[in-house]
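For this one, two forms of the same chain are given in structure tokens, first as structure 1 and then as structure 2.
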Structure 1
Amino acid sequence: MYGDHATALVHHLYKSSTLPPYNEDLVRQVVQEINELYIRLVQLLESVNNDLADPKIGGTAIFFHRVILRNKRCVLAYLLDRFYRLRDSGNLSSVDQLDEHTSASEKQLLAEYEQLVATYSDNVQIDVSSSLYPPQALFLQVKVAKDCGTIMTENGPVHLRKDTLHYMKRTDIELLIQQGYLLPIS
């Protein structure tokens, strides 16, 4: 039935709370169905010389057109939701997750997106990747998830070893939290 692949594509993403692997086969099937429907629509319109006075032909043409639009919306919703999940995960630099769950074109898109955000941040001299809300506290207790070595803070050097706890100024460690090296403890 028309639109079944597109529906399955959206359900595939909807069922998962985390980012599932990119479903290239299903995307390809939906695009193939769009192309086939477009060819049938063009053939129908050419066979009647674009005269849609007959309600049966007009209804069929509208049906094909609506299914094409629906399939396009489903594919775009799938791709946009995947982009938002990847962008909002904060782990864009985590190569392991990107290799496991994304396609080559998604990796390229994320790299270009990171470059655009960095360029914009440099131009306006504001870190747009940071939170839009003011911090609740100036200091945070964090647990080190990955060895970071020694970092320099306003109060001097701090050695961050895995599984150690630290009480540090938020501005000193915000970037490390975003990169996944530190985990805030509530």
Structure 2
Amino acid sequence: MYGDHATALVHHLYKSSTLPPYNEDLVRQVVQEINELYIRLVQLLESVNNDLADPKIGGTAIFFHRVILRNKRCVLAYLLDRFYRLRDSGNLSSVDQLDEHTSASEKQLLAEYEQLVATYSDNVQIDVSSSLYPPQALFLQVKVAKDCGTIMTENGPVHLRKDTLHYMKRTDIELLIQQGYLLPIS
């Protein structure tokens, strides 16, 4: 039935609280449906010479038009919501997300967005990508989600091995938290 693919696309995103992998197949199917419906609409209008006086023809044309608009809205909503999730997660440069869950155009978008943010931050001399809220504590407890190797801290080198828990100064690990290598634990 028309619009099923678009509905499935929206459901796919709605069901997951985190960012799911980019569903290229479904998006392609929806776009294909849009194109097919557009071609049929154009053919219909050409056949009646753009005269929609007949209610049946008019109704069909409006139906096709509405479905096209709905599919378009669903796809745009899908893409926009994915972008918001990526942006709000703070993991713009997260290796996992770039490789596994995003499409090529999303990767390009994220790279350009990050560049834009960096340029703006340089211009105004403020890091706008950091947290808006002041830190609650000097130290933070974090779990290492991905091997970070050895980092230099104020108190010497610290090796951040995967699946270990660390209690360290926030300033030493803030960037790694933003990049998704470390997960803060309350």
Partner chain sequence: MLVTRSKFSDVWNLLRKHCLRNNQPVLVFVTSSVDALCSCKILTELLKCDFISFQVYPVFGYNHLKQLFLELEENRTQWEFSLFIELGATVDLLQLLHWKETEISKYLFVWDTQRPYHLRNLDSRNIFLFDRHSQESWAKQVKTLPFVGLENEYGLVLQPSVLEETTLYEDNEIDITDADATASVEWDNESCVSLSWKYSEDETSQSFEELLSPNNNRITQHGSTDSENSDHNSKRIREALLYYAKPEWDACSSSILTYVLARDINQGTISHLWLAILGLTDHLLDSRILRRDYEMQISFLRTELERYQSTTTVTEDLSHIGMLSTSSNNWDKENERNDHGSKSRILYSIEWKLELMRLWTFYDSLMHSCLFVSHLATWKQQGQRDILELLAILGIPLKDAKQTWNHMDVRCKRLLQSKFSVACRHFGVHDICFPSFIRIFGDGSCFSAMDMVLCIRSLFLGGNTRESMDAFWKAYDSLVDSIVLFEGLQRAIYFQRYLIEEVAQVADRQRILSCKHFRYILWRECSVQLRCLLLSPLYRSFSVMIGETVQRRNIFSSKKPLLFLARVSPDEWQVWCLALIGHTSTVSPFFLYFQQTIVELLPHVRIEQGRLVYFVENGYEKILLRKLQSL
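Here the rigid core means the biggest group of C-alpha atoms that line up within 1.5 Å when the two forms are laid on top of each other. This one's a predicted model, so the numbers in the text were calculated from it and none came from an experiment. Just so we're on the same page, residue numbers count up from 1 along structure 1's sequence.
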Problem set entry | Structure, 1 versus 2, that is the form predicted alone | 1
Problem set entry | Of Gln125, Lys56, Asn155, Asp25, the position at the hinge that separates the two rigid parts moving between structures 1 and 2 | Gln125
For this session: If the chain moves as two rigid parts between structures 1 and 2, put down the smaller part's rotation against the larger in degrees.
Result: 23
For this session: State the core-superposed CA shift for Thr164 between structures 1 and 2, in Å to one decimal.
Result: 10.0
